[in-house]
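Take a look at this single chain in structure tokens; it is the form predicted on its own.
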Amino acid sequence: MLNISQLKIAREGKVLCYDLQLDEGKILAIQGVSGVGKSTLLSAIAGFVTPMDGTIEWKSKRLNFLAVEARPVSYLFQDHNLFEHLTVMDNLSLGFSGDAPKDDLIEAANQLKVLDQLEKRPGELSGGQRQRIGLIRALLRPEALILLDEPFAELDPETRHLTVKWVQKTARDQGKTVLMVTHQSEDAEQLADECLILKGAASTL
């Protein structure tokens, strides 16, 4: 279980407060108006933001003082966090302790219709292609906690539907726990088991 208790984060002159519990293997959609603290919550779980107070626990292990690289987290930022000097396949192969599961990566690329992009550099891709590559990388890495920040924003409706279904099936098959920030209620309805709507300085699930 992911347990976030009385977490307080200073942000732009206000204190954001979070309390939530999410069972392992579940998918949570996080919604709310711009500036309410959605991405800040993901950044705190990943270790990029230091809370003023409170705890973040995964499977009863406190994450607060762990380095970013020591946390069981795979984070897809809004800019897709791809390395521009590497090929797409090299980007997908990063983050594995042993050999990358290349057959799985290739199959995912085929399912998301980016198989012909694997030898290109990220700068040669469209925004939607970069987004799908970022999702493959995030979901197929070994970490158990997946954090997605507006993961479908640049996709057309047909590709969006395909990608949402792929994320849902992959997360279920691999037992991933997913927190997804989205402005789209349709994405939340199709993908998530639960929804957290942040409304202000104090938000509770």
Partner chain sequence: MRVAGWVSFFLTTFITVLAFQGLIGFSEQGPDWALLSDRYFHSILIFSIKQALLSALLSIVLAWPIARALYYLPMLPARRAFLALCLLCFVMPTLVLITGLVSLLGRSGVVSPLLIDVLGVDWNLYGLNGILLAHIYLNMPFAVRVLYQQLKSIPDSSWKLSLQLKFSRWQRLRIVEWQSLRSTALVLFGFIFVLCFNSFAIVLALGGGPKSTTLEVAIYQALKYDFNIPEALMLAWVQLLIAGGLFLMVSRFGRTQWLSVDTARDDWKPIPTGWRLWLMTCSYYVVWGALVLPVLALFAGVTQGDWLRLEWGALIKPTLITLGLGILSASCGMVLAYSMLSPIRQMNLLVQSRRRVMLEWLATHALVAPAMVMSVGLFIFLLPLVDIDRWGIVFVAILNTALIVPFAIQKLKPRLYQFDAQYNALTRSLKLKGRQRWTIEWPFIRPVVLSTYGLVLVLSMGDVAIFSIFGSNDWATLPWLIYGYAGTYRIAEASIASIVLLSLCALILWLFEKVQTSHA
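Source: prediction; values computed, not measured. Positions refer to the first chain, counted from 1.
The form predicted together with its partner chain exists for this protein as well; it is not shown, and the discussion that follows is about that form.
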Might Lys113 be said to contact its partner chain in the predicted bound form, defining contact as any heavy atom within 4.5 Å? no
Quick one: does Met52 come within 4.5 Å of its partner chain in the predicted bound form, counting heavy atoms only? no
Would Val68 count as a contact of its partner chain in the predicted bound form, using a 4.5 angstroms cut-off between non-hydrogen atoms? yes
His161 near its partner chain in the predicted bound form, any heavy atom under 4.5 Å? no
For the spot marked by Val88, Ser126 and Arg132, is every residue within 4.5 Å of its partner chain in the predicted bound form through some heavy atom? no
Looking at 150 to 158, 27 to 35, 133 to 141, 55 to 63, which lies within 4.5 angstroms of its partner chain in the predicted bound form, counting heavy atoms? 133 to 141
